[in-house]
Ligand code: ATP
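Listed next as structure tokens is one chain, alone, in the form predicted alone.
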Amino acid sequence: MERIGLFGGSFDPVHLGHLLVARAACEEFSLDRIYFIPAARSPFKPDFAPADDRARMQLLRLALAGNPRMRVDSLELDRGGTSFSINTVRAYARRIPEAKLFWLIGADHVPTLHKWRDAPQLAKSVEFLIIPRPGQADTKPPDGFTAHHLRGFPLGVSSSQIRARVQQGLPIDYLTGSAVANSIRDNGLYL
């Protein structure tokens, strides 16, 4: 049985924290593949307008280049509208019916899992891999949800910090990797 990780988010931009978390998930839970799935519109950030879809996809492709276990999937961007995890999980269950699915989730979102769209079905369909926040205690999932805490590589960096550094003219190479930083600079993103 394939073990597939699903990693949704804005990825605006993707950074080394995302990549380290994905690496930890692959190693700690023996994932065969992990899909980075950029959201069209996050239900958690209804007023946030991310960078252009093509730009975010390109940054993800650059960040994941050379790693066959990590792939980018435009499923939610192609579907458009608000991105709900359950719709993506259902699509993967149809696409790879024999796979065991894991959903990577930031520790800050765990307490609200029971409020997510079709939460009972989501709880039955995936196991959650909780991404720790540096310095924070483990978060307990709501009843009915199966979750595991990742241990490796917590990194206190966020996409909003990177966007702010770009706007201030500060370097981001060691936060995103050189290829992603160069693409952001060359395409005038986040200015």
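Residue positions are given as counts along the sequence shown, with the first one as 1. Everything numeric here is computed off the predicted structure, so don't read it as measured data.
The same protein also has a form predicted in complex with the ligand, omitted here; what follows describes it.
Trainee: For the spot marked by G9, D108 and S158, is every residue within 4.5 Å of the ligand in the predicted bound form through some heavy atom?
Mentor: Judged in the predicted bound form, G9, D108 and S158 all sit within 4.5 Å of the ligand.
Trainee: Which residue among R54, K124, R151, K45 has a heavy atom within 4.5 angstroms of the ligand in the predicted bound form?
Mentor: Spelling it out, the residue with a heavy atom inside the cut-off is K45.
Trainee: Can you tell me whether R61 touches the ligand? I mean in the predicted bound form, with a 4.5 angstroms heavy atom cut-off.
Mentor: No, R61 stays farther than 4.5 Å from the ligand in the predicted bound form.
Trainee: Would you please decide whether I172 lies within 4.5 angstroms of the ligand in the predicted bound form, comparing each non-hydrogen atom pair?
Mentor: No, I172 stays farther than 4.5 Å from the ligand in the predicted bound form.
Trainee: Residue-level contact is defined here as any heavy atom of the residue lying within 4.5 Å of the ligand in the predicted bound form; does G17 satisfy this criterion?
Mentor: G17: contacts the ligand in the predicted bound form.
Trainee: How about P141 - does it come within 4.5 Å of the ligand in the predicted bound form, if we only consider non-hydrogen atoms?
Mentor: No, P141 is distant from the partner.
Trainee: Thinking of the ligand in the predicted bound form, which stretch from 141-149, 158-166, 26-34, 65-73 has heavy atoms inside 4.5 Å of it?
Mentor: Of the stretches listed, the one contacting the partner is 158-166.
Trainee: Listed by sequence position, which residues of 111-143 have a non-hydrogen atom within 4.5 angstroms of the ligand in the predicted bound form?
Mentor: Result: I131, P132, R133.
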